[in-house]
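Form predicted on its own, single chain, as structure tokens, below.
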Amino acid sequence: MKLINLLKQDTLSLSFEVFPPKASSSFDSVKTATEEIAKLKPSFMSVTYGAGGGTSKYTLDIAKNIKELYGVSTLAHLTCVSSTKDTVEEMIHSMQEAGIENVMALRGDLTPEMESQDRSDWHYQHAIDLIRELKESGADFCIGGACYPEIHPESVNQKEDIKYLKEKVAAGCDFLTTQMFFDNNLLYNFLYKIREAGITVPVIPGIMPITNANQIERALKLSGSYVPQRFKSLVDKFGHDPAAMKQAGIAYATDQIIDLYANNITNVHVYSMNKPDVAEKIQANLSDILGKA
């Protein structure tokens, strides 16, 4: 199913993100974890794409397996950083052959080496270049893009960020998914600003359950997210106790999701990090709200 059809409905939905293995030796364990999450019957599952396309085959294998065995709609990530036109065309063809209908078009993270390189001859400089490629290919994909409620790390300011986001949507994005955030007011303010700017496509909030203290530094480094005092207090109190931190992190994420639903956000995406128990507990916390009791 194309996700745009789901996103236009008024019913509440919850989806999860998983990532493929970095090596074939861990494929079976990752496959099992993603299947356990698929058994929860989320509205859809997204499957990420390794840096530089290194896990692209596994991305398709995991996405296809989820779709065929469990009937769960999948969203396959596709990044274009350092990719050639031929590489991207090959991936588009492979996705079509695998029956993938939904693609998350991303530039991808730059490695430190890439940041210092001359990238002027790269065919794809930004996600918008990949989105245009997907549209021009003639492939009938539902295309998603990323957005940043706080600001893209490389943007000068939010006004510039929204300007480029509007161009990305005009190029062919059917919907947007946000970077993680820990304060819902940031999302509400962002939505107001982009709607004022004329961006009307559906926006899916992305929620990251922080379930251990080691996640925090990496998550904040990747996202640059603002951390409210309430969350800092939670980490200070429970961060030394793994079981308590896990329970508190799930509760915090659940609280965020309930608030989003209460404020007329119908679709929420959880960065579940291949953790079936975390996905299951969050869904269980929302069982009556989602009608899955």
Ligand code: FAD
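Just so it is clear, the structure is predicted and the values come from calculations on it, not from any experiment. So that there is no doubt, residue numbering starts at 1 and follows the sequence shown.
A second form of this protein, the form predicted in complex with ligand FAD, is not displayed here; the remarks below concern that form.
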query	finding
Ligand FAD in the predicted complex: contacted by all of Asp161, Tyr164 and Thr177, heavy atom 4.5 Å	yes
Listed residue (Cys147, Met208, Val169, Val103) with a non-hydrogen atom within 4.5 angstroms of ligand FAD in the predicted complex	Cys147
Location of ligand FAD contact in the predicted complex, chosen stretch of 185-193, 208-216, 133-141, 148-156 [non-hydrogen atom, 4.5 Å]	148-156
Contact flag, His93 vs ligand FAD in the predicted complex, heavy atom cut 4.5 Å	no
Touches ligand FAD in the predicted complex: Ile128 (any heavy atom, 4.5 Å)	yes
Residue contact check: Tyr49 to ligand FAD in the predicted complex, 4.5 Å heavy atom	yes
Close approach of Thr79 to ligand FAD in the predicted complex, 4.5 Å, heavy atom	yes
